[in-house]
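For reference, the chain that follows is the form predicted alone, supplied as structure tokens.
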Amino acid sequence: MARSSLAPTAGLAPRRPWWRVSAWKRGEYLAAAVFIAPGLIWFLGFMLYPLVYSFWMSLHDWKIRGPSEFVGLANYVRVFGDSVNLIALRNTVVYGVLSVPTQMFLGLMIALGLERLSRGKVLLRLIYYLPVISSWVVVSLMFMFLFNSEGLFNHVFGDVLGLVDPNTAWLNRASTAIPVIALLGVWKGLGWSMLIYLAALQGIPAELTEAARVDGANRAQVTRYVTVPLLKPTTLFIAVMLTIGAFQSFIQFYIITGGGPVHQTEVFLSYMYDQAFNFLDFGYASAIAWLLAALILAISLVQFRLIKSTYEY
């Protein structure tokens, strides 16, 4: 006679229904729910709901008051036909190309230098990290005053040293304003890259570098053939995070140039902010945000594939 599939398996105790758990277990579940609930409510209410709602808005000609007309993908098509978005893409890519590799290289060099110091390491780490915790608004205003046509940079390098035209308006055109803002990004974020690399360096086993030295490798060869390859997971993490940060840059552009003149220094978030809060075109701004998220995701996946394919250990 065939045995019923619902019959308890020999040697195993039948599973108790969830509603017949002991009072002690119910207390455990209740405590877990109490701890999870605030974070879950925060995630659902302030992250997931706005995310889904912004996608819904991107499919409408959104009105603050009154009914909003459903327009399907028209806002997304409009993004590709808007020439300002091409300027924003160009400026964002130039900013990322100038700031991300520079910040990673200098962060690695400083971390390698600090790792070999026996004294003053903590003080130097603090000095390099101070810009990271500084306000974006404050440092953006500082760079704006440094590089305006009557600023300190023109006075020192123009009036005193004679290296540049002292009347140069660095922030009035994209070809000079983007490098200045990239310089600000490198200066402010350098301490973060340095700190991540420094933590990764402390995780490399000393036996590996000592074995390389025993084999006759000098300091530069140990760094190139042992330390840098072992730092590739850290390099991948920093590259992805800095690239995401570059594509999300907003405050420094908004304060220093405001996207002008005539949208020439616009980036995605400054243009999106302009469309949403100056022209109240929330549907179009939401479409820009979603396409920017898709672009960041695609670039991050490419970075993962490129760096993971070069792992050597």
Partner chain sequence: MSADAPTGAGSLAGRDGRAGARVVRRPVRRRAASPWRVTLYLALGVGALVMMVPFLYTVSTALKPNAFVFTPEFLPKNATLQNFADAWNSNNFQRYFLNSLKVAVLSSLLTVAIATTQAYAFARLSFPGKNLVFNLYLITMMIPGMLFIIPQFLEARALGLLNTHLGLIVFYVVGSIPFQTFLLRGFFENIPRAIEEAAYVDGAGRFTTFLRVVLPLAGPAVGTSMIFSFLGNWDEFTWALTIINDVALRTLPIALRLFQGQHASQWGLVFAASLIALVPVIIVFVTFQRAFVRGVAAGGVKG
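Please read these numbers as outputs of a predicted model, since none were measured by experiment. Numbering follows the first chain given and starts at 1.
Keep in mind the form predicted together with the partner chain is missing from the figure; the text below concerns it.
- A residue is said to contact a partner when one of its heavy atoms sits within 4.5 Å of a partner heavy atom; G39 meets this definition for the partner chain in the model of the complex.
- The shortest heavy atom separation between V34 and the partner chain in the model of the complex is within 4.5 Å.
- For the chain shown alone, P131 is a contact residue for the partner chain in the model of the complex, at least one non-hydrogen atom being within 4.5 angstroms.
- Under a 4.5 angstroms non-hydrogen atom cutoff, the partner chain in the model of the complex lacks E69 among its neighbouring residues.
- Only one of V138, V77, V97, A211 comes within 4.5 Å of the partner chain in the model of the complex through a heavy atom, and that residue is V138.
- The partner is absent here; in the model of the complex, the one residue of L231, V222, A239, M144 having a heavy atom within 4.5 Å of the partner chain is M144.
- For the marked spot (V122, L190 and M272), a heavy atom within 4.5 Å of the partner chain in the model of the complex is present in each of the three residues.
- Along 32 to 61, these residues reach a heavy atom to within 4.5 Å of the partner chain in the model of the complex: A32, V34, F35, I36, G39, L40, W42, F43, G45, F46, M47, L48, Y49, P50, L51, Y53, S54, M57.
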